[in-house]
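Here you get one chain, nothing else, as structure tokens; it is the form predicted on its own.
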Amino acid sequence: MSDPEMKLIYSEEEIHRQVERLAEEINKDYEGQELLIICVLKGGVIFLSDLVRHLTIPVRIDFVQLASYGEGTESQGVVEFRKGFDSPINGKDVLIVEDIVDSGYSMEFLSQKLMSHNPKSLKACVLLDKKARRKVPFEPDYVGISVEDIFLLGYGLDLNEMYRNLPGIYSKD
């Protein structure tokens, strides 16, 4: 890491331990069932890629892209679809996969939208849960790491579309 303002918060190894733990929980909870995973782009794709390689259950994958931050670092509370899901939801076990939940606006919006399509079940899996920033009462079902109220970069998390490719998670002061 060449940027002196970047501080490693979670190493690649720490992240992968949490991903493997989450996959074990999901495999156990959905044993003998097929799971439809809906990944929130763009940040969730790296987490999803690592997670699904540890799943032993049958999975289908779809993607959505939501917007609530714009180019800032704080949600504006208004969420919009940039890309909606393509898969039929009705009667399916659905798992939302997201890199981080903080305000909860995006996850609440997506959960409500998916519930309107009558899934058999709907749960959410997040790598990072930043409860201190929560503005709505959304609680993910699977949490990799509960984090403090600091701005994080890397492993899918970005600042103006940069830093997603870092293998660890960093703070930038």
Ligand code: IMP
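One-based numbering along the sequence shown. Quick caveat: nothing in here was measured; it's all calculated off a predicted structure.
Below: the form predicted together with inosinic acid, not depicted.
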item	value
Any non-hydrogen atom of G104 within 4.5 angstroms of inosinic acid in the model of the complex	yes
K130: touches inosinic acid in the model of the complex, heavy atom cutoff 4.5 angstroms	yes
Touches inosinic acid in the model of the complex: I15 (any heavy atom, 4.5 Å)	no
Residue contact check: L22 to inosinic acid in the model of the complex, 4.5 Å heavy atom	no
Any residue of 148 to 173 that, in the model of the complex, places a heavy atom within 4.5 Å of inosinic acid	I150, F151, L152, L157, D158
